[in-house]
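For reference, the chain that follows is the form predicted alone, supplied as structure tokens.
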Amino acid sequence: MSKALVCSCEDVTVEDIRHAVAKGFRDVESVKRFTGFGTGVCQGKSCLSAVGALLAREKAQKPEGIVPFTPRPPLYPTELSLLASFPVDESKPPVGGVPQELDTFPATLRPEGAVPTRARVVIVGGGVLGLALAYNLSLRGETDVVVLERGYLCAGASGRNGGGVRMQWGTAANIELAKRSIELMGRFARDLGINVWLRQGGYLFMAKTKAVAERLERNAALHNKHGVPTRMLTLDEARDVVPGLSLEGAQAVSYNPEDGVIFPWPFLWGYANACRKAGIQVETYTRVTGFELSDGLVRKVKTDRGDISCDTVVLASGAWSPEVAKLAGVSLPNEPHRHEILSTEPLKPFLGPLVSVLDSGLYFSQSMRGEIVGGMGDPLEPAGLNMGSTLRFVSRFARALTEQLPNLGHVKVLRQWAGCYDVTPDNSPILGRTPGLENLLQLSGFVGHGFMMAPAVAERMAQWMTTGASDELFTRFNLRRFQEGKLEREDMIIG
């Protein structure tokens, strides 16, 4: 049977676009994520206008709402070896990036009509944490819930991360949460009807300094106490796990074969679909503009589509949480930091685990389609809501990656993007009630690992909210700890 291709790079057809529209993905960014169009070699140059015309023809979107995405550097498929040769001044902080602005969505993309005037629970943030919480509330009979998302699903960090999921953490709380999350991910397709492509190829951490090596050894012993089979590898054993990996300068390597990688986008779609089936309203392109407060409670959430009276508000806005909390007069200690990431052309499968050099923050894995997907922190990255892409990052990453896997120098980078970590002073989340506003609940500050913790945290938070049962998680990581100096530092942060 012949098929009408729209995107020849990714084999996306006219029917695929129509299917996306029928599923409710009606703007260019949402359709791009649902179908994968524009993510191949041509970076949308040969298909973007065709998709826009189709959206107009299908009356999925008004003409003024058909806003194209902006291709990011590198604008053409470019070999890692060439990118690695670009000079970088490591003494100066990164600035700017392309595109400059991602936080403004055209008013025409907002759904027509007002939001509900009343809901028992309003969740601010339609990322994986907010949606997972809404889903878990529905499992416990609470469906009078509205989720507010300022953009499209997957617009924030949940749709921009590398998909890594691991049990190798430095605190007992995170180890147990990660174990439960990965267990829930393993049955996600059965429970929510969508495949998130969980592949448990392991995580291999490398240490190049004595201090980090000691941390890996200490944490491996802690993992074993919690039933996580992390083990320290000799360098020869590490080469067997990742053939071709350079271990020059390595002082220690840890490996847990039960860690893995999933595909982030369907993870959100699965939660969003289940919420909608349960009667929960997920309102995209809806921005919170303020709160109405009285007698130590939040009475209304104000949005650009109307006000919602409520009993409880949950702040799950990730890197935007401090900005939203400020609207209620609450000061949060977390701050956003950009993290950049890229993807190469696909290769034959050769890389089992996600590999990370903990000292530099380099990480990389191979996707189910064969792409090398990875990122690297920048110690000079200033705080701020910046999701632009820079040549500085891709050059630093290309250099670091080809040092570890020299055979990849000829591989071409196809695309690049960025998201924001939601960073707290102790690298641990902010959960539970807000002092002075008891019905404003905190669910943020996961420092880049909220994606992998969401299933377990949401499960416990829904239980805590609907039963009133005590749960030390929501006391231990309360906002008060920053004032009281009771910090719990997590040291297994990549980047």
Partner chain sequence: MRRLPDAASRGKSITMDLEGETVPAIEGEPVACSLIAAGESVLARSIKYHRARGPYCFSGACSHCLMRVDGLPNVYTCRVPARDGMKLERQNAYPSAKVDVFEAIDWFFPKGLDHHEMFAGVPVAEQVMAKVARQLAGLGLLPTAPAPERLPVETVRTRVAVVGAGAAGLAAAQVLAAQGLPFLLLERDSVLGGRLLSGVPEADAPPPPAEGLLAPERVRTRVTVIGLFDDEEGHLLAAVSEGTGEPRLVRVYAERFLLAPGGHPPMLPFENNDLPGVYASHAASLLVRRYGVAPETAALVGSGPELYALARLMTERGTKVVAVVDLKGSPPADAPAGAVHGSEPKAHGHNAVSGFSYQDASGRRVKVACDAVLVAVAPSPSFELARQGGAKVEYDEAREVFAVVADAEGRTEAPDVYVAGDVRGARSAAQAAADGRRAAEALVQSLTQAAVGGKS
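Because the structure is a prediction, the values reported are computed rather than measured. Residue numbers count along the first chain shown, from 1.
Although not depicted, the form predicted together with the partner chain is the subject of the following passage.
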Is it true that V98, G193 and V411, all three, sit within 4.5 Å of the partner chain in the predicted bound form, judged by heavy atoms? yes
Considering only heavy atoms, tell me if G162 and the partner chain come within 4.5 Å of each other in the predicted bound form. no
Heavy atom of S46 within 4.5 Å of the partner chain in the predicted bound form: yes
In the predicted bound form, does L440 have a heavy atom within 4.5 Å of the partner chain? no
Taking heavy atoms and a 4.5 Å cut-off, does W417 contact the partner chain in the predicted bound form? no
Taking the partner as it appears in the predicted bound form, which of 281 to 289, 150 to 158, 417 to 425, 365 to 373 has residues with heavy atoms within 4.5 Å of the partner chain? 365 to 373
I need to confirm a contact call. Of P382, G227, P349, G296, which residue comes within 4.5 Å of the partner chain in the predicted bound form, counting heavy atoms only? P349
Within 4.5 Å of the partner chain in the predicted bound form: residues from 46 to 79 (heavy atom criterion): S46, L48, S49, A50, G52, A53, A56, R57, P63, I66, V67, P68, F69, T70, P71, R72, P73, P74, L75, Y76, P77, T78, E79
